[in-house]
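Just the one chain here, the form predicted alone, laid out as structure tokens.
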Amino acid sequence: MLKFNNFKSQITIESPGRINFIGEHTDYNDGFVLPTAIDKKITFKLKYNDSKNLCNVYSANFKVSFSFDLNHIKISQNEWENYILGVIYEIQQLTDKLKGFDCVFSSDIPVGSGISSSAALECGLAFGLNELFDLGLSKRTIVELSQRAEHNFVGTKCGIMDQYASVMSKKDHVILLDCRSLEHEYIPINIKPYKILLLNTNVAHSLATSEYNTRREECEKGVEIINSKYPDVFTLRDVDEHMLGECIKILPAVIYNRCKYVIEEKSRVLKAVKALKENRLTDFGQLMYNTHEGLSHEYQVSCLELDFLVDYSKSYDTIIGSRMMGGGFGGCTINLIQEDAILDFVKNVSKAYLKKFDIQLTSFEANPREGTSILKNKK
């Protein structure tokens, strides 16, 4: 195994996590989302080694490493390794230019916080290898292969949003992404005097991955049933509220609620974009609250800790919007809060959260930034 002390890289890459203001669980339903990359990232240092096939990867945070042969890529029993191996496998389906390399990566993305450290890991590695070996892959190809890596090697049937935001984001903007066409619009974000505050529940329920896949299957079942009445329906993107109402008697109650949330959320995203463009920040924040209600009661991916934090925020007139963010069952809430109120609010909510759940709450501000980028290129 390679010694990683005094590692001298040829390329250094920063790959950010992301937030999503609104549009949760809509990406795999061909809906709309409103994410952006933030100033929490994974830093990759990469270099060639003298081998044709041997690769060495080291996580500086966890002080663990593993090696693999490019000729024998297969799913590992260690879950974190599959994010790496999946990317390698997908690149190999597109090019034979990969050779032996060494990689050290470190992260300041809080694990399990719902700001997609997984997409940052996949996209950062793919981006770095693309530069190191001059693979000629486009940014969109990097996004798509990273998503496939998570599907095929990790087993999470995620939508495209996380990878897209990690790679394609633009500083001080959010992305209105059409997850069907992958067309996007950059929208300037000016939320002064408010800031983006994330509250990390520091709970990671084991349901997250399995229930995520279950929700996707439930949506697909809803589409199958609605399609029997409306043959032109192929995803929930094709369904409006009237059509859903016409199918209420043939949809099981749980499936109906899942579909209802997604269809309403599709409309909420577009309303939120209009509010943002018109600087109607209070309306924008209310739509975030509405999203949380749908996620908690109709889509049922929230948890007691997340609901507590969102409910607590409603007692502060300095907060105009709050909701759970990410796949669910833990992670963060995203809050729009007046800048001068942050310290007082964090102090009080942390105390209340500790009393309620006996868990230490952590918090951090998030600032929109550009997507995956090169810090230092090879000579």
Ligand code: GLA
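Note that residue numbering follows the sequence shown and begins at 1. Note that the coordinates shown come from a computational prediction; the quantities given were computed from them, not determined experimentally.
One more form of this protein should be noted, the form predicted together with the ligand, which is absent from this view; the next part is about it.
Only one of the listed residues (104, 273, 135, 160) places a non-hydrogen atom within 4.5 angstroms of the ligand in the model of the complex, and that residue is 160. 28 is the sole member of 66, 28, 353, 316 with a non-hydrogen atom lying within 4.5 angstroms of the ligand in the model of the complex. No member of the trio 40, 127 and 371 reaches the ligand in the model of the complex with any non-hydrogen atom inside 4.5 Å. Shown alone here, residue 326 lies within 4.5 Å of the ligand in the model of the complex, counting heavy atoms only. In the model of the complex, the ligand sits within 4.5 Å of a heavy atom belonging to residue 212. Exactly one of the stretches 220-228, 161-169, 135-143, 278-286 approaches the ligand in the model of the complex with heavy atoms within 4.5 Å, and it is 161-169.
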